[in-house]
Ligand code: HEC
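In the block that follows, a single chain appears as structure tokens, in the form predicted on its own.
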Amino acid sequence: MHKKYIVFKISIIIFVSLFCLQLYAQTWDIPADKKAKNSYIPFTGVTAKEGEAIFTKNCMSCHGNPGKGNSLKTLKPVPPDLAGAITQQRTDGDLFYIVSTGRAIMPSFKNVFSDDDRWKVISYIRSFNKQYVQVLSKFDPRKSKLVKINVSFDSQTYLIRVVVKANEKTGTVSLKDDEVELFANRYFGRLQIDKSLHTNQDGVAFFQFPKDLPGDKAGIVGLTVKVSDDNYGEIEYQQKLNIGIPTDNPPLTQKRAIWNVVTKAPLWIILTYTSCVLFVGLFLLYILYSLWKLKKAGTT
């Protein structure tokens, strides 16, 4: 009797936990300013088609086909059908925030796709809602050209200072509370420096730079600053600073390697490939010679 009671209690705990997890998956604590965000891209058949291609490649494996109810049921919580009422009742800002930030088993696509691509995915999702009426943002993407980013380095504190301002007709405006990310450009992509930060009232963010990050021969490191602003859009800025450890490593394409060009491929690959080609060529010649001998013997 005591064992049955324990099993029953454990079952109740598991059930409640799963229920809470499912409920948590459907509730998002989205800031008011993010909920009110709208797309600056008009949703058309073209944007929906482009969004479908992105969705099919990156989202369909979990969410399934919108309107088909074939999302991946083995996941907990089960990904929602994006053509369903729960999703379609959300604002465009809600969907953009969810796609951008992710949570639990859903990944963040903020650093995977541009703002344009994320809006195109939402355009595709909205194409399943006949009652949907788009509200366009007043944001003009051309305003991103007004943004100026300044990057400086303090060798004493190893802090990188990023200043974000916009040169409006009325004067210079400090972009406060903007999300800023800093990356060091490496051979195979970008290495994020510190964490994502927000600019202060003066449009400034400080990043802690690692003291052991290698640079080139002169210690120069290429930096990329990525800024996201609700009014000016997504801005990227690149600058090189002499802040790394001088490193005299030869370029990856200088020595013989599998990923290099033919003239610099490893010798064993060149010899193996050449031997295979010669073997196949000689074998074909042998077959042709044998056929010729057979033909000659038959004629005789």
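Since this is a predicted model, take the numbers as computed values, not measurements. The first residue of the sequence shown is number 1, and the count goes up from there.
Below: the form predicted in complex with this ligand, not depicted.
For the three marked residues, Leu82, Phe109 and Ile125, a heavy atom of each sits within 4.5 Å of this ligand in the predicted bound form. Comparing 150 to 158, 169 to 177, 84 to 92, 194 to 202 against this ligand in the predicted bound form, the single stretch with non-hydrogen atoms within 4.5 angstroms of it is 84 to 92.
Shown without its partner, this chain lists Ile98, Leu213, Ala184, Leu146 as candidates; in the predicted bound form, only Ile98 has a non-hydrogen atom within 4.5 angstroms of this ligand.
Using a 4.5 Å cutoff between non-hydrogen atoms, Trp268 does not count as a contact of this ligand in the predicted bound form. Contact annotation: Lys217 falls outside 4.5 Å of this ligand in the predicted bound form, judged by heavy atom distances.
Looking at Val221, you'd find every heavy atom of it more than 4.5 angstroms from this ligand in the predicted bound form. Using a 4.5 Å cutoff between non-hydrogen atoms, Tyr273 does not count as a contact of this ligand in the predicted bound form. The partner is not shown here, but in the predicted bound form the stretch 112 to 137 reaches within 4.5 angstroms of this ligand through a heavy atom at Phe113, Val121, Ile125.
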